[in-house]
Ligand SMILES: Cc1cc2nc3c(=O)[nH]c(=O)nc-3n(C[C@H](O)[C@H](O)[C@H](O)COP(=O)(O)OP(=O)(O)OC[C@H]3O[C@@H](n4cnc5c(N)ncnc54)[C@H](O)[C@@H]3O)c2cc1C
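The chain below stands alone and is given as structure tokens, in the form predicted on its own.
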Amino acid sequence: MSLTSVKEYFTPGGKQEVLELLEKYGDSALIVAGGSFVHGLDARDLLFGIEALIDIRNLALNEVSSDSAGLSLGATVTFSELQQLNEIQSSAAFGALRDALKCPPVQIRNVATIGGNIAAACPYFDLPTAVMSLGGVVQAQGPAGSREIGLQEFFAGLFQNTLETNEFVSGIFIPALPARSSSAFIKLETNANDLAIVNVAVQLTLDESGSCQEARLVVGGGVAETPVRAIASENLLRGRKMTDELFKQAGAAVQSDLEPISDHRASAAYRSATAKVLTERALRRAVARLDQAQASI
């Protein structure tokens, strides 16, 4: 790792100090927390012109709180800390998060942070796809205070987010889901430590008759420069009872929402076919998870 342009490394103790550094360095500053993707950015020549690294681990942004409104996560909460939360482990609604958090090796889980993972805006990451399916919101801190940005609006392109140069991610909020909600996440990779070729996350809310009241379906990996909401599949699912035939139809519909890329890892046609299959499997997993939760009541 070269990082030849970096001249300064800061460990500010408060948000105001971070904002002052961002004001001073502008586009030549990079916020880091766990730092697990700094090498990945450098390897892709995406740190050219970065002169200052601003480490926010001393800002006490590792707090977690939960109430009737939802789950609030500080930006520096690590994957391992998130994985161990009772809310994540016990709820069918957070199934997609549980699935996604199992994917990275333990060395990554112990240092990677939820804020940094999402701020990187890497479409091949797993957690953004899962959090987006749950309606997650980014909490951005800037000179004017804090503002919220839905993940669909937060991702602007390949490794690009919609933060202003004088803002940084201070937390992630996941709103509470209605009763009888469940979610699931599945990915395809070349090996256990690889970035996703395709990943899919689904969130379903069913009524007492088993009909779908609400659905969110997100596809990531190499299907676009950002994770993609599969609107056609979501519309197909709403108001209908969950059956294997419906899962197949939803898998086919998801292909109409995607324009996958071809690269050295997979062709566009392969990614499209994979998205179809993973959508069917994720839907089955989410429904089975909800059935299991209801059976235990």
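Note that the structure is a prediction, hence the values are computed from the model and not measured. Position 1 is the first residue in the sequence shown; the rest follow in order.
Missing here is the form predicted in complex with the named molecule; even so, the following discussion is about that form.
Between 217-225, 202-210, 176-184, 73-81, the stretch whose residues reach within 4.5 angstroms of the named molecule in the model of the complex through a non-hydrogen atom is 73-81. This chain lacks the partner; the member of A119, L151, L134, I197 within 4.5 angstroms of the named molecule in the model of the complex by a non-hydrogen atom is A119. Of the residues A253, L258, L41, A266, just one reaches the named molecule in the model of the complex with a heavy atom at 4.5 Å or closer; this is L41. Proximity of C103 to the named molecule in the model of the complex falls within the 4.5 Å heavy atom cutoff.
By the criterion of a heavy atom within 4.5 Å, I56 is counted among the residues contacting the named molecule in the model of the complex.
At least one heavy atom of I31 is located within 4.5 Å of the named molecule in the model of the complex. Put simply, F155 is far from the named molecule in the model of the complex: not one heavy atom of it is within 4.5 Å. Of the residues in 92-129, those that come within 4.5 Å of the named molecule in the model of the complex through at least one heavy atom are, in sequence order, C103, P104, P105, I108, V111, A112, T113, G115, G116, N117, A119, A120, F125, D126, L127.
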